[in-house]
Ligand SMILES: CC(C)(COP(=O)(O)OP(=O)(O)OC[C@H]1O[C@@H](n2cnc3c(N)ncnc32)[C@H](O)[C@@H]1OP(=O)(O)O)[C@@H](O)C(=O)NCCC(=O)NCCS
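Okay, here we've got a single chain as structure tokens, the form predicted on its own, with questions on binding and movement later.
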Amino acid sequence: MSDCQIIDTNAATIGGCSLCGNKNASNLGFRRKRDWLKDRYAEGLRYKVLRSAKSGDIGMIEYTLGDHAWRPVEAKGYLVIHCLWVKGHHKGKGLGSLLLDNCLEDAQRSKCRGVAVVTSSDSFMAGSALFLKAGFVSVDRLPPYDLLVKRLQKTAPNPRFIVDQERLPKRYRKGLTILVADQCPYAAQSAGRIAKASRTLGLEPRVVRVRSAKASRELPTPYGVFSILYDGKLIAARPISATRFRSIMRGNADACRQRVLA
């Protein structure tokens, strides 16, 4: 689209931008995401908005240095993409490639080893097609998640997942625990829905805010910014609806009853 430009944001300008498609400044997730971004710029994070003169903000890309990535990956010297999004009816017009090329150019200027991204068929993460088309390759996999990389330095070591699926479940062995980071503006809303739904089931949830990149890399899922644990078991690795949560809990109750009857 000829009327589009990529806007590089900073702490002073981010408040006037759409955040991952969310424009409601009174929304809790929007406010937390905005404040989260303001704290991240000093670490080298880049949040770029694709803005159309006619349609406003229609896309975005967010990435940061590997040492500060809010994904459980080891990617020193790489840029790690957190999110790449283009608004629904603007897809298929090369705008995702435009945002990705801008990131790759940034990596080259900064003499980074390359660019890495965690992809999934899940709607909360970017799919792999755009990246594979741009020359990325899969270097690690934890289904349904793939770690894709485009190396800019041929001798650079590949990034890898560092997901520990036992550490936090052992820490939260009893009850319901929701671990949520402000990196995703939709996570706060989901956490609130799950907490409300859990109380209707007689559970008092523990909501733990994930406040650092290091803490996010300790979550037991490649998504890295949201997890639900119940009695030491991971039952959801991304934001889910209250309906889906209740279905999962019914499944857990049924499984318990079957074990008792066996």
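Position 1 is the first residue in the sequence shown; the rest follow in order. Since the model is a prediction, treat every value here as computed from it, not as a measurement.
The same protein also has a form predicted in complex with this ligand, omitted here; what follows describes it.
Checking 179, 80, 126, 188 for any heavy atom within 4.5 Å of this ligand in the predicted bound form turns up a single hit: 126. In the predicted bound form, this ligand lies farther than 4.5 Å from every heavy atom of residue 75. Using a 4.5 angstroms limit between non-hydrogen atoms, residue 157 is distant from this ligand in the predicted bound form. Residue contact with this ligand in the predicted bound form: residue 135 places no heavy atom within 4.5 Å of it.
This ligand in the predicted bound form is not approached by residue 114, whose heavy atoms all lie more than 4.5 angstroms from it. Taking the partner from elsewhere, every residue among 86, 96 and 130 has a non-hydrogen atom within 4.5 angstroms of this ligand in the predicted bound form. Across the options 87 to 95, 103 to 111, 142 to 150, 166 to 174, residues that bring heavy atoms within 4.5 Å of this ligand in the predicted bound form belong to 87 to 95.
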